[in-house]
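One chain comes next, on its own, written out as structure tokens in the form predicted on its own.
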Amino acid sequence: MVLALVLWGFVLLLPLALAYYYIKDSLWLFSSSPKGQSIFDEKLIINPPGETDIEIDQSKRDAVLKNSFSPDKVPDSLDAIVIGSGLGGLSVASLLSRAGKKVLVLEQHDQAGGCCHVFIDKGFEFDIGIHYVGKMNPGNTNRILSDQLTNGKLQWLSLDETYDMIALGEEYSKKYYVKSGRKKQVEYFIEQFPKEEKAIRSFYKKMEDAAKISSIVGLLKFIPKFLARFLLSSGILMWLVPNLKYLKMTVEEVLNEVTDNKDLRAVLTYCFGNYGTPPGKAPFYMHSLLLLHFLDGSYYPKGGSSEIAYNIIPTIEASGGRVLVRVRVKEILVKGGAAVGVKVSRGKQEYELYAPIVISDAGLTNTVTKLLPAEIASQTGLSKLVKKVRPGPGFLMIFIGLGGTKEELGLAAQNTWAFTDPDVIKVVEKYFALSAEEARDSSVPLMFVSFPSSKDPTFNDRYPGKSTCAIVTVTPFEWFEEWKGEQVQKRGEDYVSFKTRLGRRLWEQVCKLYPHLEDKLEYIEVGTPLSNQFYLESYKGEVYGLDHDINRFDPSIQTDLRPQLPVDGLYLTGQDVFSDGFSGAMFAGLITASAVLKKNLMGDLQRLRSKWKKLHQANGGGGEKKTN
């Protein structure tokens, strides 16, 4: 009898023991740090630093942002090396530094920041990639994390309550407005489309349902792969979380369920350019995250986007780390199946730098095809993973300098999304099918127009009497591919002529919207996917990493796009881990730091947010501020 009980006990306990053995390294996911052991600084929510002046001495800024590499500047006994100084790389480095780690960040460009850097030319300052950011209202988790990364020194300014305008038609005669706050947004759209109230409310309900699965998507990136694959292949996860269907449904498919009104369909999909994938190919889940991200308003960094890197870097240096630029990582060094460092080059000299942790913010494709030894990429299955995804679309960026202040030019702190046809899906697909020669003389069906100088009250103090405009559109890399092997700024007259023609065409279209600006033009520069490839080291001129298409968001691929790569000591961060944009890259830094430290930093961050809320309510603030 006793023997039988022992045998039955063994049979019952063995599966539990095996399960524990395989998931024990993931148990940290389900608990926050013990009291007093969080890496976050509670003082930043108890006594925030408040408003501070922007450093305008360019030499002091350059000392932080343009610290060039030399071997003698590399700290001894590094804990981690980060490849790339985009927001994902800087975020993970900052968080590891908060945990006492000594981190070296290496950047191939002449300044740190990735898409958060600026360039100054002929008296104008231009932001490269940050046009607006959502969820930076005080008390929001995003804002609290931003404050932790910058010691509260990065300040966020609200855009106008109407933060986006949508213009439709060849002459942009139809205009719609996107207002801060769910209630105001929905009521305004119903007012504009009174016969479509049911469709509008249904769309917003589906959008909120789709966004609820983000925690499940995040969990797939941490639990053991065998468990994730079992839950997916068995159908158990889909049964438990039916809203996972929105990972496999395109935006267009959801629109087809709710409305056939062309103008309304354009309004509900207008900002897909913020991730670059047309509605016919993008998952509704991604689009939902984006719309909800801006639902309670939009923000811009005071002092411009270079303030982001400028205020994160000191937090890395505080633990003995460094952010060094003008150095190219040639290879990730792998010994005994583990990443042990990197090989870098500066000029003709090569150096090997060692650390037990290597984190790539260079993108999945660059990491696997350019930095990892080919045999390691093949043995670990990473080569196969890269073939399952593809780079996102390229972008054309036109930088415009204008004579006059925002008041003199009547510029609002908002953006414009302009489409030559309300059938957005059809017209964008048709445009992408054009040859380069056909595109030269064609209207551009989609453009994003922003006036960064109007969003930042310090701009006129720094650049008196001037304003800037940024025009962005999605562009096939293939139009520029014939010049990809040529040296930057020496690609020849044909290249210059082609990009200038496209840039001028877009400026002409902007002047249809803002005719009073036509004679205020003082500066124009056009950046192409080749510019992005050179300055950002993007694989094919993309700025949002991997394509945000429905294939990338397939649950099985999301399981593989995780911070811990299948090489000991090697991690991935940035837009390819979670999603694109400021918040996507910032939270990629958070979850990569979580994987490195084996700490549930998201749980710690949520606990910090709860503390902020209690403090704010105790002071009569009423909790996190939202618009109606």
Ligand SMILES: Cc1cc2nc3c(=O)[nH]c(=O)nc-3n(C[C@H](O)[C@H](O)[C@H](O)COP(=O)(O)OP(=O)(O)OC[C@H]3O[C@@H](n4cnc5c(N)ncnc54)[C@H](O)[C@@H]3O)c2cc1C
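Quick caveat, the model's predicted, so the values are computed rather than measured. Throughout, we count residues from 1 along the sequence that is shown.
What follows is about the form predicted together with this ligand, which we do not show.
- Exactly one listed residue, out of 517, 166, 200, 472, brings a non-hydrogen atom to within 4.5 Å of this ligand in the predicted bound form: 472.
- 544 is the sole member of 479, 285, 272, 544 with a non-hydrogen atom within 4.5 Å of this ligand in the predicted bound form.
- The stretch from 249 to 257, 205 to 213, 169 to 177, 327 to 335 that comes within 4.5 Å of this ligand in the predicted bound form, counting heavy atoms only, is 327 to 335.
- Contact check for residue 563: no non-hydrogen atom falls within 4.5 Å of this ligand in the predicted bound form.
- A residue is said to contact a partner when one of its heavy atoms sits within 4.5 Å of a partner heavy atom; residue 303 fails this definition for this ligand in the predicted bound form, lying far away.
- Although the partner is absent here, residue 311 lies well away from this ligand in the predicted bound form, with no heavy atom inside 4.5 Å.
- Mapping the unseen interface onto this chain, residue 129 counts among the residues with a heavy atom inside 4.5 Å of this ligand in the predicted bound form.
- Residues are counted as partner-facing when one of their heavy atoms sits within 4.5 Å of this ligand in the predicted bound form; in 396 to 431 only 397 qualifies.
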